[in-house]
Structure formats: C-alpha cells, structure tokens
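A lone chain, given as structure tokens: the form predicted alone.
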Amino acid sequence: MTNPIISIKNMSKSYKDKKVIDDLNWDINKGDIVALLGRNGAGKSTLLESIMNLRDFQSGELTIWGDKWQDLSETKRAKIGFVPQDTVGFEWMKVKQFLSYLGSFFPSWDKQYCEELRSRWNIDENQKVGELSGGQSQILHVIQAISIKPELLILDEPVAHLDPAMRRQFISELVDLSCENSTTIIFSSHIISDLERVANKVVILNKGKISQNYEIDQLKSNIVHMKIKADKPLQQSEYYSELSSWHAFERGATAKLLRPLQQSIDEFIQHAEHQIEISPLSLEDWYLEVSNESY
C-alpha cells in the first residue's frame, strides 16, 4: 500500500466562533483525481488554501509527500500547481510576460506546451492580464498551473466562468495531464457533469467535515431510484431504513438509494417482500439529495 501524497489528520480551523474545518481527516493518493463538492460556506476554499499553506489551522496535522509544509523541499514545492478561486494580481503585465515570469520559478515549466495551450484557448499574448474577461483570466491561471507539469494540482472552482466548450477543453487537458504525468488532482466545482467526466473519486465537505467519500465508479453502480410496489400506501419499515427520500403513494412507495448497501442491489431486491423496480440516479441528482439531507 502506497503512502498518500496528502494526509490530513484531525484538522480544525475556526473564524472567531465559527468552526470552518472540524476535526477533518482525509488522505489523497498518487494519481487520484478528486472532485471536492460542498455548498457555499462548507469550507472548500479554506481547506484547499490550508493545503497550500495560505491559511493557518488551529489544530491537527497536514503532510504532503510525508513532510509538513515547512519541511517540504523547494524541489517538491515547485511540483505543486494551484489555481485559487479568485485570481488577482499582475493586471499590468501582458499575458506573455505573465506566463514567462511565473514559469521562471518552476524548473519543470514547459514553455512550448504553455504556448500551445495559450494559442489553443485563444488568449492574446499581447493583451494585459487586467483586460481579460473572467473566463479568460481563469484559463490563463490554469495554463500557468498546468504548464509546469505538476505532480500535484489543486484547483478551486476553476471552471466557474467558462462556457461549455472551454470547460470540455479544460477537462480534456486534465485527463491528458493525469495520463501523461500521473498528476494527482483535487478540484472543487458546482458543475457535476464536468466532474463526472474526469474524476475517479468524489468527496463532499459538509460543515467542515467530509461526509461522503467514494470511488465514483463504485458510487454510480450503487445509487438508484426505487419504485416499491404494494397494494396500499407503504410506510418505511426497518428493511428499507437505509433508503432516502421515502414517499408513500396509493400503491406502494418511491425512494432513493444514496449510499452503497452492505449487500448488492440485486440481493436487496431479491430479499425484499415487495416487487421493486429501479432506475439509474445521476451524480447530479445524488449530490442534490445528499447535500439537502445535511442541512
């Protein structure tokens, strides 16, 4: 079993009397592409910025490649790419200057690859950073982070201002980066359909804690909508206690399975005393259901 690239143990962070990160434990392994989900205010940005040593936390331990941030070598730090939610600074620089300047701090920066990305995304090299649109500015910072060919890439809402075509192109670049360099990627987003295309793990942050943490393939094969047939309105019994969103109707009930059962779905249906029909549940519907459960 390999050691995790990032290991967080009992991390807590408060602002005045509000606990934003609450005794959080989380391991991220090499090559994982992790979708970090959560409502506004759940603590996603605070968590990602804490990983990047941009925010202090009051208690707990965080290690990257087995070292605390202060003990992390410059060589290792240079292998981390980060795009914050709010990209500000360097507004007076032209795009070409910006990419060259920041790239010079990273030994692995690939100038030719950086230029290919800039050209592919139609960012004018002579335009000033401060004159770019919100989407262009976001892509510029993504280009800078990707072109250093990082071993660890952390992205906080990187596609919020992008149109669907640019988002698809962005996802494609992430897939290529991961395949070619075994890059470990953590990114938060509210656009579930994009995450589904690229992530192999999904994590939900709720009230400063990780409330859900699944392999996406395992999760998708274990979440369904159920129609349970009976000759009268059906109340939820102990057998069905793990189902959510229970609604009785004239001839049975409907419910959703939002978490993998101890047994397979086929076994669950086989041993039920009622006939059950199932249909797939999308990740977006799953996320809406579990996030509403928690509030």
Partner chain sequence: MTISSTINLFSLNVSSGIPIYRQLIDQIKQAVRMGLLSTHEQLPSVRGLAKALQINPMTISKAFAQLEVEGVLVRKRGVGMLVAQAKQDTALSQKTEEALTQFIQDAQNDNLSDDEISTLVQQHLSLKGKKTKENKK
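Positions refer to the first chain, counted from 1. Predicted model, so just to flag it, every value in this text is computed and none were measured.
Although not depicted, the form predicted together with its partner chain is the subject of the following passage.
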Open item on the list: If contact means a heavy atom within 4.5 Å, which one of 131 to 139, 212 to 220, 83 to 91, 148 to 156 is the stretch that engages its partner chain in the predicted complex?
Closed with: 212 to 220
- [ ] Just give me the single entry in Gln270, Gln263, Ser241, Gln58 that has a non-hydrogen atom within 4.5 angstroms of its partner chain in the predicted complex.
- [x] Gln270
Task: Proximity to its partner chain in the predicted complex, single hit among Asn122, Gln112, Ser73, Ser172 (heavy atom within 4.5 Å) - done: Ser172
Task: Joint contact, Ile33, Glu180 and Pro280 to its partner chain in the predicted complex, by non-hydrogen atom at 4.5 Å - done: yes
Task: 4.5 angstroms heavy atom contact with its partner chain in the predicted complex for His274 - done: yes
- [ ] Using a 4.5 Å heavy atom cut-off, state whether Asn200 contacts its partner chain in the predicted complex.
- [x] yes
TODO: May I ask you to check whether Asp176 falls inside a 4.5 Å heavy atom distance of its partner chain in the predicted complex?
DONE: yes
